[in-house]
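Quick heads-up: it's one chain on its own, the form predicted alone, in structure tokens.
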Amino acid sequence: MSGGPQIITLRRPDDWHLHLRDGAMLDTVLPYSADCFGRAIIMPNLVPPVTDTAMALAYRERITRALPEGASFQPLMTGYLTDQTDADEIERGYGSGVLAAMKLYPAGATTHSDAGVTDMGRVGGVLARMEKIGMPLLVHGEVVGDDVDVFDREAVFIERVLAPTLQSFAGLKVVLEHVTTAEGVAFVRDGAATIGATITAHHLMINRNALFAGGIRPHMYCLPVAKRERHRLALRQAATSGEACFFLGTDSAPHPASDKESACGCAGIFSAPAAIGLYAQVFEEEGAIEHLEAFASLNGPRFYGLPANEDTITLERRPWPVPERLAAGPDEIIPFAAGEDVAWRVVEE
């Protein structure tokens, strides 16, 4: 990374956790990510979920068709792990280059996760195959149950599910996605070189108070839910440390405003329009702008065994307002930080 305090240039970043949805919503949100990021790991929790190679290939083709003219953005597809996932099928998908990873959603843990894994014992054969071929497992790290407080789901998942799984499959490559707790940060740090974690911009910027600032704030509701301030501070320290096990994953997850603002609002924060500027703002606040390139552009490719992007982007320290609302076909989306100024913007080249 080079440049002075007002301009920074870094290798083009990648987003290692992104929801693009489908149809009109895909058409609306894709340009925001394609404008900045070179690649993105695409989440498979559509309806129906992307459970095999053919479905992943079809979804990749729909994304490619929706790309703005001239965009070089590369979608990296994932499969949705279920109790019935076939090990031979995902090995074919991985070997062919269609599937980059498999995603574990514990059943009922988040948006469109009803088809997720009900018992880790049911997918032992698949995990063994993934360990053998080097295919990453991307984990939504939450345990769901009446006996688990919503703010404790990640820590309980690590204790009950992730730690035992890694004892059984020590060579399995695992990403603890959208890590939200100090316990999660410590687990990744203490783990083998096969463990990484993505960190979102919104979990770096808000704690759980944001959900209740003057009333219920549905556009601050995501899963995993934002935690106490001590956890936010632990995430900021981890993200800005330069450590190779932490890398950028926005978990940008758009929903129509009407679905967010309903009696039972959807979980998800749409951060794509301002994502890289938000990260730069955090790194500047932490006095660690020199580590932004490692977090955004280098650590993720290294974990996935891919080369870093050859081209660059330039950010300028010039505040700009995030739009209040964005049209998405007949619906609207409220982006993260709507109406607020972001300190950094991508310079058009």
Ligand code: DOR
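Small disclaimer: the values here were computed from a predicted structure and weren't measured. One-based numbering along the sequence shown.
A second form of this protein, the form predicted together with this ligand, is not displayed here; the remarks below concern that form.
**Q** Residue-level question: is residue 45 within 4.5 Å of this ligand in the predicted complex, judged on heavy atoms?
**A** Looking in the predicted complex, residue contacts with this ligand include residue 45, since a heavy atom lies within 4.5 Å.
**Q** With the partner left out of view, is residue 150 within 4.5 angstroms of this ligand in the predicted complex by any non-hydrogen atom?
**A** Outside the cut-off, so no.
**Q** Looking in the predicted complex, any heavy atom of residue 251 within 4.5 Å of this ligand?
**A** Output for residue 251 is yes: heavy atoms within 4.5 Å of this ligand.
**Q** Using 4.5 Å between non-hydrogen atoms, is residue 267 touching this ligand in the predicted complex?
**A** Judged by the heavy-atom cut-off of 4.5 Å, residue 267 is in contact with this ligand in the predicted complex.
**Q** Want to guess which of 219 to 227, 206 to 214, 191 to 199, 122 to 130 is within 4.5 Å of this ligand in the predicted complex, heavy atoms only?
**A** Only one stretch qualifies here: 219 to 227.
**Q** Between 110, 82, 78, 165, only one gets a heavy atom within 4.5 angstroms of this ligand in the predicted complex; which residue is that?
**A** Selected residue: 110.
**Q** In the predicted complex, which residues of 9 to 37 put a heavy atom within 4.5 Å of this ligand?
**A** Counting only heavy atoms within 4.5 Å of this ligand in the predicted complex, the contacting residues of 9 to 37 are 19, 21.
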